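A single chain comes next, written as structure tokens; it is the form predicted on its own.
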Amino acid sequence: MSALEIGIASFPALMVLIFLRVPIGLAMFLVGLLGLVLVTDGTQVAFARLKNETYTTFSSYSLTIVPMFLLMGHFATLGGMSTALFKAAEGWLGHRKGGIAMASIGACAGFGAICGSSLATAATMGRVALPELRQYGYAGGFSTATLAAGGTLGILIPPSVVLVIYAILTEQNIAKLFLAAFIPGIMAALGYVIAISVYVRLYPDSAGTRPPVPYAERFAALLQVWPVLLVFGLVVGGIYLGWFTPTEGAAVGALGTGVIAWLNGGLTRASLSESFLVTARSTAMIFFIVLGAAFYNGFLALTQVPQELSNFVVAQGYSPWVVLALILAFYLVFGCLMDSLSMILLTIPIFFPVISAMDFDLVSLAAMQADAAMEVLKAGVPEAMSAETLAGIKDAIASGAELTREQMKELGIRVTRGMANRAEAEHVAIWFGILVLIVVEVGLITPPVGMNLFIINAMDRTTRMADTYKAVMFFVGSDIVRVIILVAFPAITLFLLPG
């Protein structure tokens, strides 16, 4: 067999191991190791790569952000931030039809902003919100579906562990990815609120109501969420103001939530030790999956499978939008069977080269030149510029035409095709990353094996899984509408990125 054939054959072999319940990190590692032995006709290269890959992977400075964000989430829970968020949202929304479910979504969004993990958000908010939902007569399936869907906000609203891994895999700027996720994250929360509103109108008996809370109590509850706002503002604001890098920001966030948890009495010597142990276990699991993926993807690169696949797709002349739609559909299906991190690590090295080879025309050279020209003209027309040249520049901007070299020289700007291509590549990578994150997130709540559904249902043994499946499809529908909107209008995702 040729190296390419061995690489292609590795996919079914990997799927067999995964469906045999072999841990995915170990499965990728074993297939990659055996593949290297077969491709290189010996064990020397494979064992040498094992030594080098292990060191290279675990010595990555960027990966230190992962345990910091995980620890920040644990400290936030100990500090009572999840409860404060839910009580504040419940005070303002709880008296409405479906209001407690809406409050759960709002609290999940707030907690996701300081947690970064979908499963942790779902589990934490499930413990806080489920008793309230039961108390006020919410149907079991509706309650569990709401919390499972709300948990997915943990990996979309920055900071996000999965986005960090995507950034490392595709060599993108972590801060820009966090920025691009803001509007889609807000859209997700609003979409879930709309889904709840539709559900309670179709099934009025599925949700009870609670008495309105006096405004004094509402504002008092709102004041209790200041630690969340403080930590989020410090971490995210500090990153974008240039005070520290994303990794340093994660460490600052972990320290800040730890101090708040200690002041609130939730952080003791025993709980601190437990937080470190839980973080270490979660980090070890993630790092081993990262190592397995690095080993397997190194083997794939040697066989040239990603490059050949990219060349094949481009040669077929398919529309970039058709290719993107097929990839997203693949994620929707397989996201039901695998966790989000594993999906990202396994597929991005294969699909990203394909998407990178496509021309989505997200960045226009003429638009970049127009933006640069307008900045110059805002400051005043250069004295040496003739009225005829100025008129020509304005005509080009108005018509969307590219500026000539002479016109750019008169303006004192330099915007080249290469600069536009680099901007296009970055924008496509960021936009694709957000889309992938969303469809992988949908897989966490899509029957029959959405992981968040099982986590929440395990907390409510009285609710049938079939009831959860029925209710969660309203949230899945909201997610699919959001994906369609973000695919059709990439500017929504890229709006906040610095020009």
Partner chain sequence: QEVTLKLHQFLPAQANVPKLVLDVWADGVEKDSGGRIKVERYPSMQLGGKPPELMDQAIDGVADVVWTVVGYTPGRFPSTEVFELPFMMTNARAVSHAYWEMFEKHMKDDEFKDVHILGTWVHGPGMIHTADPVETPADLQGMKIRGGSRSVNSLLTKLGATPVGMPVPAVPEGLSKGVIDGTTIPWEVTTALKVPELVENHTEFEGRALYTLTFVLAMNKAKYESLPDDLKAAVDKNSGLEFSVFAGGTQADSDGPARQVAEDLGNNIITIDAAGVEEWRALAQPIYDEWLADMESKGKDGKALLEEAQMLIEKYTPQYSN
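Numbering follows the first chain given and starts at 1. What you see is a predicted model, and the numbers here were worked out from it, not measured in a lab.
Same protein, other form: the form predicted together with its partner chain, not shown, and the subject of what follows.
None of 150-158, 297-305, 396-404, 76-84 except one has non-hydrogen atoms within 4.5 angstroms of its partner chain in the model of the complex; the exception is 297-305. Site annotation in the model of the complex: the residue of Met465, Met459, Val45, Met473 reaching within 4.5 Å of its partner chain with a heavy atom is Val45.
Asn173 is the sole member of Asn173, Gln224, Thr268, Ser364 with a non-hydrogen atom within 4.5 Å of its partner chain in the model of the complex. Taking the partner from elsewhere, Leu241 is found to have a heavy atom lying within 4.5 Å of its partner chain in the model of the complex. Among residues of the shown chain, Ala220 is not one whose heavy atoms approach its partner chain to within 4.5 Å in the model of the complex. Taking the partner from elsewhere, Arg414 is found to have a heavy atom lying within 4.5 Å of its partner chain in the model of the complex.
Met419 belongs to the set of residues with a heavy atom inside 4.5 Å of its partner chain in the model of the complex.
Heavy atoms closer than or equal to 4.5 Å to its partner chain in the model of the complex belong, across 45-77, to the residues Val45, Ala48, Arg49, Lys51, Asn52, Glu53, Thr56, Ser59, Ser60, ordered by sequence position.
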